[in-house]
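Given as structure tokens, the chain that follows is alone and in the form predicted alone.
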């Protein structure tokens, strides 16, 4: 989709006041091409503090925010459940949209939003900063060293004790684990392509409060069209006592392994340490690329259709877990 470059400072509204919203606000305020005008959120006290910190105007609701005629761009950094509704309304109000993944918890709604953005010639950018991060860039650089990929394993375990009572431990607000933590799926579809079938199991440890959970665990096996098999395991909460993040890619000529931020290329008896750039500054990089796109027409590093496909795979995992059946994608 080609946009006519904006010949003015881009006026921005932000929905959300959490970590991602703060990183976006810092990046936008540091860039002379953009100006944050207004912010909306779910908690009045947090919105007031956020607006004071960044010297911007508080708006009562996201519905009011997206209807403001002076805004060019809406940045969505709020609970997953509301992403789709806010994005659709923003585009209907002729705004460009930057949104933290997932675009929606419903793949059909996400597809409809992308179609709407194309029809109205508006940007819909679903952030996937892991793709421009050090691990993924190093992985892509060294993939040719390991030959034909036949197996991948990606495990993330995040302990949380005592139990959280935040939106990301609420089943409806956060969503199915692999949809909410979509980068795990997207990283694999980015390097391995289309998925043929998905088999998945999931488990929750429920909290006393309705709809909250103390912990969750999700394990999915993906069979790719090219014959490769991948396993994704994601767990978080108070039943885990040891944090763990490990990505392994097996080829017929070697293995690439990332334990946390440390990468290795393994070939027989030889293990080579791989250079991995720091994760710092990725929100700034992503934000700058969005502004490059809007002001100069420079291409972005990811298309919304790629994020949508990862979401469709994640939703197939959800359906597999619900039905205890293998699901075709």
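Positions refer to the first chain, counted from 1. Model, not experiment: these values are computed from the prediction.
Another form exists, predicted together with ligand BLA; not displayed. Remarks below refer to it.
Evaluate residue 190 for contact with ligand BLA in the predicted bound form, applying a 4.5 angstroms cut-off between non-hydrogen atoms, and reply yes or no.
No.
According to a 4.5 angstroms non-hydrogen atom cut-off, is residue 184 in contact with ligand BLA in the predicted bound form?
Heavy-atom contact with ligand BLA at 4.5 Å: present for residue 184.
Check residue 72 for me: does it contact ligand BLA in the predicted bound form (non-hydrogen atoms, 4.5 angstroms)?
Heavy-atom contact with ligand BLA at 4.5 Å: absent for residue 72.
Does at least one non-hydrogen atom of residue 36 fall within 4.5 angstroms of ligand BLA in the predicted bound form?
Result no; residue 36 lies far from ligand BLA in the predicted bound form.
With ligand BLA left out of view, which of 303, 49, 279, 267 would have a heavy atom within 4.5 Å of it in the predicted bound form?
None of the other options qualify; the answer is 279.
Counting non-hydrogen atoms within 4.5 angstroms of ligand BLA in the predicted bound form, say which of 169, 154, 224, 250 makes the cut.
The option sitting close enough to the partner is 154.
Only one of 126-134, 202-210, 224-232, 251-259 has heavy atoms within 4.5 Å of ligand BLA in the predicted bound form; I'd like to know which.
Among the candidates, contact is made by 126-134.
At a 4.5 angstroms cut-off on non-hydrogen atoms, which residues of 105-125 are near ligand BLA in the predicted bound form? List them in order.
Heavy-atom contacts to ligand BLA in the predicted bound form: nothing from 105-125.
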